[in-house]
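Here we start with a single chain on its own, the form predicted alone, put down as structure tokens.
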């Protein structure tokens, strides 16, 4: 890894796993977070903004600018993940000292995304751990950002039509299939995807999670509070049936973030063209992996298959120190 600091822009729908990803970024030595953009997803966009500010506050990093973005998908009706993340997105854990929304930037997330990428051409790694609405709107406003980005890391989609929200679609893509379609077709920078099945197969033991949360720090106590709801939800039949490789600690969004900050994190991957199904009865929002090259796309995505889990554990441990 080079000593140069990596410039990161993070787009979130701040549920618990987004919080875990943000905290990894904030603890990484070689990373400069240029901003965090918020979008409706796990919870309403106002909650997402509040949640990001709560995370930044716990980490003593409220100087990082936070931008409010899209409050609903490009088409269709918003869905949320309250059953898993709690209605507020962070486990409904009360926080009397939560920072107020007056700390948000006045500039909107989509405009900020376009501006920041243009200010640092070829330098920004964009990590998207949410429905891709903000990204899709940004590339429609300024198509040149798709090549000015250094790279794009996405948590979302699936490779084996295993859905966790609808029969065949993963949550982030199911929330806004049109946005996912636009992003996978219009962003031409190097693109890395941490899909649902991959995160399930890269799970960590619950024992590790216990040790992780047992650290005697303010950050670990915060994480224990906001994570309790989701840990309980994992034991319900609804979540259990969605898991691909059985029970375990699966901090979905953190895999994409870890790949963005450490070039050596991905050990095995496939490079293939991808798109998103928009009109199937059962498959709307499903990521389509074109192994036969029938789409004739020149741009291929790097689909993560295997990552360095020891490094991952270390990043997670460090994030709560």
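Positions refer to the first chain, counted from 1. The shown structure was predicted, so the numbers you read here are calculated from the model rather than taken from an experiment.
Just so it is clear, the following notes concern the form predicted in complex with another copy of the chain, a form of the same protein that is not shown.
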TL;DR on 120-128, 92-100, 212-220, 166-174: the one with heavy atoms within 4.5 Å of another copy of the chain in the predicted bound form is 166-174
*in the predicted bound form, does residue 250 have a heavy atom within 4.5 Å of another copy of the chain?*
no
Any non-hydrogen atom of residue 161 within 4.5 angstroms of another copy of the chain in the predicted bound form = yes
Residue 111, heavy atom within 4.5 angstroms of another copy of the chain in the predicted bound form:
yes
With heavy atoms only and a cut-off of 4.5 Å, decide whether residue 71 touches another copy of the chain in the predicted bound form.
yes
Give a yes or no on whether each residue among 30, 245 and 312 has a heavy atom within 4.5 Å of another copy of the chain in the predicted bound form. no
Interface check vs another copy of the chain in the predicted bound form: of 286, 49, 254, 55, the one with a heavy atom inside 4.5 Å is 286
Looking in the predicted bound form, the residues of 266-292 with a heavy atom no more than 4.5 Å from another copy of the chain, listed in order, are 275, 276, 277, 278, 279, 280, 281, 282, 283, 286, 288, 289, 290, 291, 292
Distance flag for residue 167 and residue 81 (Cα, change 3 Å or more) in the predicted bound form: the two residues are closer
Checking the C-alpha spacing of residue 283 and residue 81, a student should find that in the predicted bound form it changes by 3 angstroms or more, with the atoms closer
